[in-house]
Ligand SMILES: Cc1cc2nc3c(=O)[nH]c(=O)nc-3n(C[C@H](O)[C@H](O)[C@H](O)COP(=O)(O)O)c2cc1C
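Listed next as C-alpha coordinates is one chain, alone, in the form predicted alone.
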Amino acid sequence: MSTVYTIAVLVGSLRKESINRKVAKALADLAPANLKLNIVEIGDLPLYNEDIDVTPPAAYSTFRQCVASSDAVLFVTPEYNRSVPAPLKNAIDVGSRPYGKSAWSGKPGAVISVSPGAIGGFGANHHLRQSLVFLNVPCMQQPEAYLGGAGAVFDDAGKLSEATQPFLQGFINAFGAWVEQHKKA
(Lines give C-alpha, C1' and ligand atoms only; values in the text may rest on other atoms or scores of the structure.)
Protein backbone atom coordinates (compact mmCIF):
# COMPACT_ATOMS: atom_id res chain seq x y z
CA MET A 1 0.00 0.00 0.00
CA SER A 2 1.47 3.35 -1.01
CA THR A 3 1.39 6.43 1.16
CA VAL A 4 -1.00 9.23 0.29
CA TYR A 5 0.46 12.67 1.00
CA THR A 6 -1.70 15.63 1.95
CA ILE A 7 -0.78 18.72 -0.03
CA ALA A 8 -1.64 22.24 1.16
CA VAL A 9 -2.41 24.26 -1.97
CA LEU A 10 -2.13 28.03 -1.69
CA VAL A 11 -3.79 30.01 -4.46
CA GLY A 12 -2.45 33.54 -4.75
CA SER A 13 -5.58 34.97 -6.36
CA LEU A 14 -8.56 35.58 -4.10
CA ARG A 15 -11.14 35.72 -6.88
CA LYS A 16 -13.56 32.82 -6.62
CA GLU A 17 -13.45 32.25 -10.40
CA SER A 18 -9.78 33.09 -10.87
CA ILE A 19 -7.74 31.27 -13.48
CA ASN A 20 -5.28 30.30 -10.73
CA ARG A 21 -8.04 28.65 -8.68
CA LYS A 22 -9.21 26.78 -11.79
CA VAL A 23 -5.66 25.55 -12.39
CA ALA A 24 -5.38 24.44 -8.75
CA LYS A 25 -8.61 22.46 -9.11
CA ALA A 26 -7.43 20.97 -12.41
CA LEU A 27 -4.19 19.88 -10.74
CA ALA A 28 -6.21 18.24 -7.95
CA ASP A 29 -8.19 16.32 -10.58
CA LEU A 30 -5.00 15.26 -12.38
CA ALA A 31 -3.02 14.41 -9.25
CA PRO A 32 -1.44 10.97 -9.02
CA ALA A 33 -2.81 8.54 -6.45
CA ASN A 34 -0.12 9.44 -3.90
CA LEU A 35 -1.29 13.06 -3.61
CA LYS A 36 -4.42 14.56 -2.04
CA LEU A 37 -4.59 18.28 -2.80
CA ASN A 38 -6.50 20.62 -0.46
CA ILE A 39 -6.85 24.33 -1.13
CA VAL A 40 -6.02 26.26 2.03
CA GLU A 41 -7.84 29.60 1.97
CA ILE A 42 -5.75 32.70 2.65
CA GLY A 43 -8.25 35.52 2.12
CA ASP A 44 -9.37 35.77 5.75
CA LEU A 45 -5.89 36.13 7.25
CA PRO A 46 -5.37 39.51 8.93
CA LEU A 47 -2.20 41.24 7.81
CA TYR A 48 0.68 39.79 9.76
CA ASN A 49 1.42 41.89 12.83
CA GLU A 50 3.65 40.63 15.63
CA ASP A 51 1.67 42.73 18.12
CA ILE A 52 -1.56 40.79 17.51
CA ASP A 53 0.36 37.51 17.32
CA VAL A 54 0.92 37.62 21.09
CA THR A 55 -2.60 36.19 21.25
CA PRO A 56 -2.97 34.88 17.69
CA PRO A 57 -6.27 35.45 15.92
CA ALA A 58 -8.15 32.23 15.18
CA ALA A 59 -7.43 32.67 11.46
CA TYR A 60 -3.66 32.57 12.14
CA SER A 61 -3.92 29.44 14.27
CA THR A 62 -6.20 27.62 11.82
CA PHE A 63 -3.97 28.48 8.87
CA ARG A 64 -0.79 27.44 10.65
CA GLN A 65 -2.36 24.14 11.67
CA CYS A 66 -3.50 23.43 8.09
CA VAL A 67 0.01 24.00 6.75
CA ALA A 68 1.76 22.22 9.63
CA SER A 69 -0.43 19.12 9.28
CA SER A 70 0.20 18.83 5.53
CA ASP A 71 3.01 16.77 4.05
CA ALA A 72 3.92 19.25 1.31
CA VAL A 73 2.92 22.60 -0.20
CA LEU A 74 1.98 23.70 -3.69
CA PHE A 75 1.79 27.36 -4.65
CA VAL A 76 -0.38 28.48 -7.57
CA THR A 77 0.18 32.17 -8.14
CA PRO A 78 -0.52 34.99 -10.53
CA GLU A 79 2.01 37.76 -10.98
CA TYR A 80 1.35 41.25 -9.65
CA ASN A 81 4.03 43.83 -10.43
CA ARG A 82 6.70 41.13 -11.02
CA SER A 83 6.02 39.54 -7.63
CA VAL A 84 3.43 37.52 -5.74
CA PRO A 85 0.11 39.03 -4.68
CA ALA A 86 -0.04 40.59 -1.22
CA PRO A 87 -2.40 37.94 0.25
CA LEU A 88 0.05 35.16 -0.67
CA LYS A 89 3.02 37.00 0.81
CA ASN A 90 0.97 37.62 3.96
CA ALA A 91 0.14 33.90 4.20
CA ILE A 92 3.82 33.06 3.90
CA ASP A 93 4.63 35.49 6.71
CA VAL A 94 1.82 34.21 8.96
CA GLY A 95 2.95 30.61 8.47
CA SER A 96 6.58 31.46 9.21
CA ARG A 97 5.84 32.84 12.68
CA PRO A 98 6.34 32.82 15.57
CA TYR A 99 10.05 32.82 14.86
CA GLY A 100 11.51 29.33 15.19
CA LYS A 101 8.10 27.64 14.76
CA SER A 102 7.58 27.94 11.02
CA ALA A 103 4.82 25.71 9.63
CA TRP A 104 6.74 25.58 6.33
CA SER A 105 10.07 24.16 7.44
CA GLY A 106 11.14 20.99 5.66
CA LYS A 107 7.96 20.55 3.61
CA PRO A 108 8.60 19.70 -0.05
CA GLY A 109 7.09 22.32 -2.31
CA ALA A 110 6.49 23.43 -5.87
CA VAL A 111 5.43 26.60 -7.64
CA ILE A 112 3.31 27.09 -10.73
CA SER A 113 2.67 30.61 -11.92
CA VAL A 114 -0.38 31.29 -14.04
CA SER A 115 -0.95 34.43 -16.09
CA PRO A 116 -2.85 35.64 -19.12
CA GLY A 117 0.44 37.29 -20.14
CA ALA A 118 3.01 35.73 -22.42
CA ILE A 119 5.72 35.00 -19.84
CA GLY A 120 3.44 33.10 -17.49
CA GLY A 121 4.25 34.89 -14.26
CA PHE A 122 8.00 34.27 -14.45
CA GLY A 123 8.79 37.11 -12.01
CA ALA A 124 6.32 35.94 -9.37
CA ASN A 125 7.51 32.36 -9.70
CA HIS A 126 11.13 33.25 -9.02
CA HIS A 127 10.37 35.82 -6.34
CA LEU A 128 8.36 33.19 -4.46
CA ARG A 129 11.21 30.69 -4.78
CA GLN A 130 13.50 33.18 -3.00
CA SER A 131 11.20 33.14 0.03
CA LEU A 132 10.97 29.35 -0.04
CA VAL A 133 14.76 29.04 0.26
CA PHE A 134 14.67 31.00 3.52
CA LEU A 135 11.66 29.02 4.76
CA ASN A 136 13.52 25.70 4.28
CA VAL A 137 11.02 24.45 1.70
CA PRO A 138 12.87 22.17 -0.73
CA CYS A 139 11.29 23.45 -3.94
CA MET A 140 11.00 21.27 -7.03
CA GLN A 141 13.36 22.69 -9.65
CA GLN A 142 12.19 20.76 -12.71
CA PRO A 143 9.92 20.89 -14.47
CA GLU A 144 9.54 24.63 -14.07
CA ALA A 145 5.93 25.65 -14.49
CA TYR A 146 4.89 28.93 -16.08
CA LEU A 147 1.44 28.87 -17.65
CA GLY A 148 1.19 31.84 -20.01
CA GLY A 149 -1.85 32.74 -22.08
CA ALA A 150 -3.88 31.22 -19.26
CA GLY A 151 -7.01 33.14 -20.17
CA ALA A 152 -7.54 30.61 -22.96
CA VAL A 153 -6.82 27.31 -21.18
CA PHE A 154 -10.41 26.81 -19.95
CA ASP A 155 -13.53 26.91 -22.09
CA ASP A 156 -16.73 28.76 -21.12
CA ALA A 157 -17.90 25.72 -19.15
CA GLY A 158 -14.62 25.67 -17.17
CA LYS A 159 -13.18 22.60 -18.90
CA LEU A 160 -9.40 22.46 -19.25
CA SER A 161 -8.17 22.53 -22.83
CA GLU A 162 -6.78 19.28 -24.23
CA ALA A 163 -3.64 21.16 -25.29
CA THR A 164 -2.87 22.21 -21.68
CA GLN A 165 -3.67 18.95 -19.93
CA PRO A 166 -0.38 17.15 -20.76
CA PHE A 167 1.64 20.09 -19.38
CA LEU A 168 -0.27 20.11 -16.08
CA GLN A 169 -0.22 16.30 -15.92
CA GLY A 170 3.55 16.23 -16.33
CA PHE A 171 3.98 18.89 -13.65
CA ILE A 172 1.75 17.23 -11.05
CA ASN A 173 3.25 13.78 -11.73
CA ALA A 174 6.75 15.21 -11.21
CA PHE A 175 5.56 16.86 -8.00
CA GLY A 176 4.19 13.53 -6.77
CA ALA A 177 7.63 11.98 -7.30
CA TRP A 178 9.29 15.00 -5.64
CA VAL A 179 7.13 14.68 -2.54
CA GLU A 180 7.74 10.93 -2.37
CA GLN A 181 11.49 11.45 -2.64
CA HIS A 182 11.70 14.21 -0.02
CA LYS A 183 9.27 12.75 2.50
CA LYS A 184 11.28 9.53 2.63
CA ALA A 185 14.65 11.31 2.85
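Each residue number is its position in the shown sequence, starting from 1. Being a predicted model, the structure only gives us computed values, none of them experimental.
One more form of this protein, predicted together with this ligand, exists but is not displayed; see below.
Is it the case in the model of the complex that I7, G109 and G176 each bring at least one heavy atom within 4.5 Å of this ligand? No, the whole trio is out of contact, none within 4.5 Å by any heavy atom.
Taking heavy atoms and a 4.5 Å cut-off, does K101 contact this ligand in the model of the complex? Output for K101 is no: heavy atoms all beyond 4.5 Å of this ligand.
When the contact criterion is heavy atoms within 4.5 Å, does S18 count as touching this ligand in the model of the complex? Flag for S18 set to yes.
Hey, in the model of the complex, does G95 get a heavy atom within 4.5 angstroms of this ligand? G95 lies outside the contact set for this ligand.
Would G43 sit within 4.5 Å of this ligand in the model of the complex, counting heavy atoms only? No.
Using a 4.5 Å heavy atom cut-off, which stretch among 63 to 71, 112 to 120, 135 to 143, 32 to 40 contacts this ligand in the model of the complex? Single hit among the candidates: 112 to 120.
What residues of 54 to 79, in sequence order, lie within 4.5 Å of this ligand in the model of the complex by heavy atom? Residues within 4.5 Å: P78, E79.
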